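The chain below stands alone and is given in structure tokens; this is the form predicted alone.
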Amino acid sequence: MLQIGVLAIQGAFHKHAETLKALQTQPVIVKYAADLTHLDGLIIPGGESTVITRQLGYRLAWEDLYTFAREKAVFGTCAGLIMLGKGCTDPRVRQLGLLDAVIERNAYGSQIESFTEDVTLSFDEHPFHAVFIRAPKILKVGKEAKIVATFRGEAVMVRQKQLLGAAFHPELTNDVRVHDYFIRHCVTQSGK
């Protein structure tokens, strides 16, 4: 059985774990560097990318996360997308710089401007009803990444080999298609 970790610094990590369990994988709550051992993939949930940046180094170092993400599948949602990206408009965020996309924090508005809308998936003909909470915007997609979901013609989810980043929160819905895509196309393909 695949073991996929969920970084438990901030965000709805338990909701990601529930979705992974529904997809017949073994979720592992990651709080320490040693928790990364033997994982097949990792999810970096939403939250505050500035807080995640500050928290890295207490129980889990930025370098531990960087080393893992260079070799294994990682899915970043919302703040997790910001952490994976390669370019951010906020200098307080120390990104991993592995996903070829430039990200702007909170670009869709403040907490009270959060919304739900259908997004178009490149891998499924049916729209995905996505939850955007102080969502980041993907300002630029580099040559190494490809767009796998759009909202009003703009990229909201991108993939680069084993890395996947979404501006929205698929864990806050009952629709498992995005997590399933991560498992089928990123986790099972990493290292090949």
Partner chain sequence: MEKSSYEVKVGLAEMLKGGVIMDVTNVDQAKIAEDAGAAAVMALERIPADIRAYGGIARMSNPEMILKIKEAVSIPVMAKCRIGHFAEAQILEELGIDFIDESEVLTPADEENHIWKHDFKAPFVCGCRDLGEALRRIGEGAAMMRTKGEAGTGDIVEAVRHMREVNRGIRRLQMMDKEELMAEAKRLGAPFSVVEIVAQKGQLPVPNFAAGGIATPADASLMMQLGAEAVFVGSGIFKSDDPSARAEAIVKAVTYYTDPAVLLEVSKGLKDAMLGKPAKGLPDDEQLAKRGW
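Quick caveat: nothing in here was measured; it's all calculated off a predicted structure. Residue numbers count along the first chain shown, from 1.
Same protein, other form: the form predicted together with the partner chain, not shown, and the subject of what follows.
J.: Does I9 make contact with the partner chain in the predicted bound form, using a 4.5 Å heavy atom cut-off?
T.: Looking in the predicted bound form, residue contacts with the partner chain include I9, since a heavy atom lies within 4.5 Å.
J.: My question is simply whether K137 lines the interface with the partner chain in the predicted bound form - judged by any non-hydrogen atom within 4.5 Å.
T.: Residue-level check for K137: no, no contact with the partner chain.
J.: May I ask you to check whether W62 falls inside a 4.5 Å heavy atom distance of the partner chain in the predicted bound form?
T.: Although the partner chain is absent here, W62 would stay clear of it in the predicted bound form, with no heavy atoms inside 4.5 Å.
J.: Does A34 make contact with the partner chain in the predicted bound form, using a 4.5 Å heavy atom cut-off?
T.: Flag for A34 set to no.
J.: Among 63-71, 36-44, 153-161, 124-132, which stretch sits within 4.5 Å of the partner chain in the predicted bound form, heavy atoms only?
T.: Correct option: 124-132.
J.: Quick check: do T120, R177 and Q189 each get a heavy atom within 4.5 Å of the partner chain in the predicted bound form?
T.: Zero of three within 4.5 Å in the predicted bound form.
J.: In sequence order, which positions of 161-177 have a non-hydrogen atom within 4.5 Å of the partner chain in the predicted bound form?
T.: Stretch hits, in order: H169, E171, L172, T173.
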